[in-house]
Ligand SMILES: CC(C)(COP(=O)(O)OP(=O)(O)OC[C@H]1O[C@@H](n2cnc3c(N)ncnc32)[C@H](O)[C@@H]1OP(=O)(O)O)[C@@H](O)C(=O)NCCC(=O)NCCS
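This document starts with one chain, in the form predicted on its own, laid out as structure tokens.
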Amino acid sequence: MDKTDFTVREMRESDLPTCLTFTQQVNWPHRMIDWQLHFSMGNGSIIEDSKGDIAGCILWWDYGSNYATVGLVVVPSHMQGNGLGRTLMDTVMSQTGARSLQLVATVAGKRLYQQCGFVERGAIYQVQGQLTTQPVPTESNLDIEAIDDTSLNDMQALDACTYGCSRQKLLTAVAQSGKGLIAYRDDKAVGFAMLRTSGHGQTLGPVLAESDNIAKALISRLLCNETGFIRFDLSENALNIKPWLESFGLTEVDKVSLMVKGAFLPSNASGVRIYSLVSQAFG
């Protein structure tokens, strides 16, 4: 087909069942609840052919005037080779303006993103599986509390200082859809972690902490009474704790590229490190 046979429009909620089939075709674990969360927080575009059939999708998430993430970029295999992925990326780059952009690239998508001006700045490790043993909560000189309306503000402030942008809307939605813990030392927030239903089971992320020990303390408390499937999308900051996670039955199943167009976030101004992402799309 010629590129003139395709048009781009805003994504609608009624498009989500088709988008879900696209991610299922490439063996991504998203369920409808995952698509609904990502759609509700983002800005989506659909590309369709002259018959009105959906031929691809993309979303991006706005974290202020300087930063956004891009994800859920899918063109089904029978429509590939028509330049649709580039059209979708051009649409997002036009919509996001001067913002710096971040995405997580599969091997299949990496070349396209390089052509769009993205450069590789790190790796994300997908570590997951059925818990065979449960971590024992570690003793520490921390006050660890469930995230509530009061501590949610502390969590959002710590996240904003760490990332260098505001993700307030996203973190509120994740807190409402799951559960989380925040760690204090001498009344200062020094880390937090969140767990929610996602994919094949539950996803543990984001995890932000001042140290490996704080990250492990938060993760231990969240998982100590859990069973079933758990997924982490770990940053390179988490490599020291990855063997510890694997000791509970989890396995690294994928390693993908963290790519950036523009300035690289996080800022690290807080001294807090990012251990695990909300999702590969959200960052």
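The first residue of the shown sequence is 1; numbering continues from there. Quick caveat: nothing in here was measured; it's all calculated off a predicted structure.
Below: the form predicted together with this ligand, not depicted.
Engineer: Quick one: find which of 159-167, 195-203, 144-152, 113-121 has residues within 4.5 Å of this ligand in the predicted complex by heavy atom distance.
Structural biologist: This holds for exactly one stretch, 113-121.
Engineer: If you check in the predicted complex, do K242, S247 and L277 all have a non-hydrogen atom within 4.5 Å of this ligand?
Structural biologist: No, none of K242, S247 and L277 comes within 4.5 Å of this ligand in the predicted complex.
Engineer: Consider the chain as shown here, without its partner, and state which of T96, N82, N213, Q126 has a heavy atom within 4.5 Å of this ligand in the predicted complex.
Structural biologist: Of the listed residues, the single hit is N82.
Engineer: Which listed residue (T91, T172, T106, Q130) meets the criterion of a heavy atom within 4.5 Å of this ligand in the predicted complex?
Structural biologist: Checking each option against this ligand in the predicted complex, the one that comes within 4.5 Å is T106.
Engineer: Any chance L181 has a heavy atom within 4.5 Å of this ligand in the predicted complex?
Structural biologist: Heavy-atom contact with this ligand at 4.5 Å: absent for L181.
Engineer: Any chance W28 has a heavy atom within 4.5 Å of this ligand in the predicted complex?
Structural biologist: Although this ligand is absent here, W28 would touch it in the predicted complex, with heavy atoms inside 4.5 Å.
Engineer: Please tell me whether any heavy atom belonging to R86 falls inside 4.5 Å of a heavy atom of this ligand, as the geometry stands in the predicted complex.
Structural biologist: Residue-level check for R86: yes, a contact with this ligand.
Engineer: With heavy atoms only and a cut-off of 4.5 Å, decide whether V73 touches this ligand in the predicted complex.
Structural biologist: Looking in the predicted complex, residue contacts with this ligand include V73, since a heavy atom lies within 4.5 Å.
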